[in-house]
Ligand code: F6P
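Below, in structure tokens: the form predicted on its own, a single chain.
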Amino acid sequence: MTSEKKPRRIGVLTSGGDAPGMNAAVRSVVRTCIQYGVTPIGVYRGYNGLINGDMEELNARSVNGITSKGGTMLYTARCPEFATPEGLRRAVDTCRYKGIDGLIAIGGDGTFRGARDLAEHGIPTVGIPGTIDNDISCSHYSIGFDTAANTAVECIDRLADTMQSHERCSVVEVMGRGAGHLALYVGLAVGATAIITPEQPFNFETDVAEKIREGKYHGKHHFLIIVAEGTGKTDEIAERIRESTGLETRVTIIGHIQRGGSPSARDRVMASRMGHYAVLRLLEGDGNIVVVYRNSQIMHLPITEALSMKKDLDAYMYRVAAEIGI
């Protein structure tokens, strides 16, 4: 890229659900921009801020101390207006009026679709995967997943102590939207008796009830069932366990606590690497791409290709969880 085409002002926003580590990504973007003589622009409240001009210039001190904090200093919001032709036009006009000649958007697939639309209207845009669900098809890892998994594991370990004391069955719902990646990972980590996800068909009798009866026969006194929120069957599963096994059964929904808290070291490091890489790509003239983590490498893919990919559950991980959850 020639020097006269080098971006002078790069915007950064966070969109969709917040995820621990987003702040580390923002910090990395801001300080990498400064390192290369580019003015970083913080866009507040996602694509709403892009439409309404809710943004400001940032400097190295603007992002002091944010790496250890959960959430996002730029705030985040859904923006139905951006999905309309008028909303998109206003966002493009705002970018041009504010002199933003490159944009970095941190979020999930919805964020990437918005980034693609901007790029198609002449605003070079780079997406960074940030969601606790780890359901972004193009990337093997997304910012926030590790922290959310550790938070869920800590909560469930505490819960298991009281379940064991009372010889109960605990049915725990973890987040994940319509995907079971977080539930599978957490379930394997905590030694769940069964893991129920939207992607994996299950038979209540063989996959849940029979495992509990077998465990009781061999002297096990407490049981843990992990359910991904996308199944919509948590209460139903708990009631069926009560009816078929006679066990006192309690439902616990961990909920949005999984999104909060200080990011793990892995999330901080991955976010910092991805933010740095995103700025360099814009400086090299790349736009309409997503930064991804694949095969232990930070790389990038065209947004259109990234959005067309499909991400299945790790079949081997599911097999391991099923075979050792006895």
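The structure displayed is predicted, hence computed values, not measured ones. Quick note: we count residues from 1 along the sequence shown, nothing fancier.
Below: the form predicted in complex with this ligand, not depicted.
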* Proximity to this ligand in the model of the complex, single hit among T125, T131, S170, T111 (heavy atom within 4.5 Å) -> T131
* Considering this ligand in the model of the complex, which of D101, E229, D117, D146 comes within 4.5 Å of it through any heavy atom? -> E229
* Quick one: is R281 in contact with this ligand in the model of the complex, heavy atoms, 4.5 Å cut-off? -> no
* For M175, is any heavy atom within 4.5 Å of this ligand in the model of the complex, or not? -> yes
* **Residue contact check: H256 to this ligand in the model of the complex, 4.5 Å heavy atom** => yes
* Asked: Does any heavy atom of K211 come within 4.5 Å of a heavy atom of this ligand in the model of the complex?
  -> no
* Just one stretch in 136-144, 176-184, 234-242, 191-199 has heavy atoms within 4.5 Å of this ligand in the model of the complex, so which one is it? -> 176-184
* Structure fact -> Of the residues spanning 76-105, the ones with some heavy atom within 4.5 Å of this ligand in the model of the complex are R78
